[in-house]
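In structure tokens, one chain follows: the form predicted alone.
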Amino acid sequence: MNNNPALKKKNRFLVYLRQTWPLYLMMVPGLAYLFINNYLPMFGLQFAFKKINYTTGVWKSPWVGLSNFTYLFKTADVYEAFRNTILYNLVFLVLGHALALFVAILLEQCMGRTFKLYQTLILLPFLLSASVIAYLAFAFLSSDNGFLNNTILKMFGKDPITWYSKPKYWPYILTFIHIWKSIGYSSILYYATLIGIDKSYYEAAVLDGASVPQQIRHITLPLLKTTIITLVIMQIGRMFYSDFGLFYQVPMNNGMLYSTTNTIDTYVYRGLMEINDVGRSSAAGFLQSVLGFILVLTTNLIVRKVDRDSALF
């Protein structure tokens, strides 16, 4: 019998590899996607520190240090973009999670023959593209043939409203569209946790005479705490990002609405497509990622101080 430790270790490794190679093979497509989609584009981070010259190419373009970043804060538009992005995301964070949690609890309480119908109806908007949603919004808001002007306002004897030239209405319009589009997906995430809760808790609560609101308050919400915290932290990491389709396509890139529809993502896109400045656009995108990373770390640190088990890491 060979007692060589190195040989034994090698044999154990070969046995382990024969048993697990199908699992590693299944990982290859996911790892390839992760590399191509998340890591390969990091090559473009250097654009944020260069003055891109197309005649010399990216590699030979001159380095300009932080000048692309300092330029961002010298324009009035960037403050407007940051303000809109943060305020919209704060509203989406609070309203979105509160309503998604409410809908998830309703779904859990209404399980029956019509459950799949409800689930499909609330999830359907999430599957629609931004272009389709933009045309649906136009069908409602068009000054000439829109449903709101031709039906609702006319019914009450009100004058038509030119929605696409009135910035004051768009914070409410965009918030409504975002909630309508995302609430189905968010509620399903909460619902997946709800159905995993042991029903014996509720049975014991009923025997003790607890009403449905009391069951939700003392059983459902405490057991959903970790899920709520995790989803909130993940969304906080996107605090400096915005849904490009929502803020660019739905308002149809209308210049009269920029004061309430301009966000960091649309600002970066216009900087790239209209003034063709790759360096400054990349600097804005890089700043988004850094600020989001800092927010996630800070929020997770606070959660760890309050409840260590609920933190992401």
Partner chain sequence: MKKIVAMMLAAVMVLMLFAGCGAVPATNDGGNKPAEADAEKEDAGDEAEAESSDLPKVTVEVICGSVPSETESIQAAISEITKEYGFVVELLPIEIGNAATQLNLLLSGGDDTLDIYTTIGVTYNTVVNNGQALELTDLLKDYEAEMKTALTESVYNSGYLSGKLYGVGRLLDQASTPCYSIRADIAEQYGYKNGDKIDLDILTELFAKIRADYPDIPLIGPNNGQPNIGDSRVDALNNKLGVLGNYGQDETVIDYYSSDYFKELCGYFEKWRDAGYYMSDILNVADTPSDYIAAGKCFGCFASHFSAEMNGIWSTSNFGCDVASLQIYEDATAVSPGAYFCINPACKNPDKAATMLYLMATNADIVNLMINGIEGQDYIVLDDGSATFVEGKDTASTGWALGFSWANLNSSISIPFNYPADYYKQMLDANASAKQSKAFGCQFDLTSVADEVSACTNVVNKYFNALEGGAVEDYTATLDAFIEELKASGIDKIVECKQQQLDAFLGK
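Bear in mind the structure is a predicted one, so any value in this text is a computation, not a measurement. Whichever C-alpha set is largest while still superposing within 1.5 Å between the two forms counts as the rigid core. Residue numbers count along the first chain shown, from 1.
As for the form predicted in complex with the partner chain, it is not shown, yet the points below apply to it.
Asker: Choose from 162 to 170, 239 to 247, 199 to 207, 94 to 102 the stretch whose residues reach within 4.5 Å of the partner chain in the model of the complex, heavy atoms counted.
Answerer: Stretch 162 to 170 is the one.
Asker: Would you say all of 143, 267 and 272 touch the partner chain in the model of the complex, counting a heavy atom within 4.5 Å as a touch?
Answerer: Every residue of the spot touches the partner chain in the model of the complex.
Asker: May I ask you to state whether residue 65 is within 4.5 Å of the partner chain in the model of the complex, using heavy atom distances?
Answerer: No, residue 65 is distant from the partner.
Asker: In the model of the complex, is there a heavy atom of the partner chain that lies within 4.5 Å of any heavy atom of residue 215, even though the partner is absent here?
Answerer: Looking in the model of the complex, residue contacts with the partner chain do not include residue 215, since no heavy atom lies within 4.5 Å.
Asker: Could you tell me if residue 13 has a non-hydrogen atom within 4.5 Å of the partner chain in the model of the complex?
Answerer: Judged by the heavy-atom cut-off of 4.5 Å, residue 13 is well away from the partner chain in the model of the complex.
Asker: Check residue 25 for me: does it contact the partner chain in the model of the complex (non-hydrogen atoms, 4.5 angstroms)?
Answerer: It does: once the partner chain is placed as it appears in the model of the complex, residue 25 has a heavy atom within 4.5 Å of it.
Asker: Judged by heavy atom distances of 4.5 Å or less, which residues of 18 to 34 approach the partner chain in the model of the complex?
Answerer: Residues within 4.5 Å: 18, 21, 22, 25, 28, 29, 32, 33.
Asker: Does residue 248 move appreciably between the shown form and the other one, meaning a CA displacement of 2 Å or more on the superposed rigid core?
Answerer: No, the C-alpha position differs by under 2 Å between the shown form and the other one.
Asker: Superposing on the rigid core, do we see a C-alpha displacement of 2 Å or more at residue 53 between the shown form and the other one?
Answerer: Yes; that C-alpha moves by at least 2 Å between the shown form and the other one.
Asker: Residue 281: with the rigid core matched between the shown form and the other one, does its Cα shift 2 Å or more?
Answerer: After core superposition, the C-alpha of residue 281 moves 2 Å or more between the shown form and the other one.
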